[in-house]
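Take a look at this single chain, the form predicted on its own, given in structure tokens.
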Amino acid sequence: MVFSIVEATAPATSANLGAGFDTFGVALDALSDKVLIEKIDEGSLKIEVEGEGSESIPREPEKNTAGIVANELLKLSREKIGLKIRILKGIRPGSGLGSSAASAAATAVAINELLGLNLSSTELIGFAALGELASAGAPHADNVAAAIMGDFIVITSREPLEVLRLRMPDNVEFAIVLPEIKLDTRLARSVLPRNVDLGRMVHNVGRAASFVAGIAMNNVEVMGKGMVDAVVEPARERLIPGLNHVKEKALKSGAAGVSISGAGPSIIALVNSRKVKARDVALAMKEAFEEVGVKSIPICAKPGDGAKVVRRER
């Protein structure tokens, strides 16, 4: 069945989770973006954006996350139609919580339904990843994979794209703090080392393996031990004032592990809900940021579902 209007939502996500750079991602149930796609007679793309941080988002299709995804899917469909894309942002751009990925994922899912393309989840992830060019300058798939599939994902191969989805233990929760710091994703990627010491690589492989092993073992504490990154976070430390102080407070307040969320500036802590309240950890991190003169917003979340269609009109 072909529709004229389709609306979809996609969740916030957190990528990396310590040592899993460009490989790990998790969907979060706390925040989401909504995208409404409508067929129009004109053979062009029109983009409207409102909501959280919408003033900073370009409306030109070639510069907009959703616009890039829409263009590529229209090429695939070979349909000579125009699309009106209305984006309602619930996730602040540049937060480290997959804001651009959510818009890209919701757009891919909505257009797939709108045009009856019948793409697989992996194919949708590949198209949605192209949208990351607009914000990060590279088509990485960790955030969009989590946003489309939900739960926790591992990018096991980039070419060809292969993704695993795992269900986290039921007692996993996340304490997140979003500081009032502007941090461009391109800048956060530009400071990364081009060459990595073998010892640090071995460290990160072991930590990433521990995180996945913790999921298999249903052990949140083992997962937390895997959230120690020796490569990316040290390079980004100077971009987030008070980072180490915030991480220290999170661990002292009972978090099993803590890391930068994606490219930052948000910080995400893993919490065993049977032992600690996520809100207590989030407030401790907020207090730590305040102690270095940075205001922030505490957020609590659980692993969430992936993108879904919420409205269809023929």
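Computed from a prediction, not measured in an experiment: that's the story for all the values here. Counting begins at 1, following the sequence as shown.
Heads up, the form predicted in complex with a small molecule isn't pictured, but that's what we're talking about next.
Any non-hydrogen atom of E132 within 4.5 angstroms of the small molecule in the model of the complex: E132: yes, in contact with the small molecule in the model of the complex.
Touches the small molecule in the model of the complex: L28 (any heavy atom, 4.5 Å): Because no heavy atom of L28 falls inside 4.5 Å of the small molecule in the model of the complex, the answer is no.
4.5 Å heavy atom contact, R236 to the small molecule in the model of the complex: Flag for R236 set to yes.
Distance check, S210 to the small molecule in the model of the complex, heavy atom within 4.5 Å: No, S210 is distant from the partner.
Of K225, R165, R189, R200, the one that lies within 4.5 Å of the small molecule in the model of the complex (heavy atoms): If I apply the 4.5 Å criterion carefully, the residue I get is R189.
Selected contact from A263, I37, V246, V271, since only one has a non-hydrogen atom within 4.5 angstroms of the small molecule in the model of the complex: Looking at A263, I37, V246, V271 one by one, just A263 meets the 4.5 Å heavy-atom criterion.
Within 4.5 Å of the small molecule in the model of the complex, all of T9, N112 and R312 (non-hydrogen atom): No, the whole trio is out of contact, none within 4.5 Å by any heavy atom.
Segment that reaches the small molecule in the model of the complex - one of 122-130, 103-111, 181-189, 155-163, heavy atoms within 4.5 Å: This holds for exactly one stretch, 181-189.
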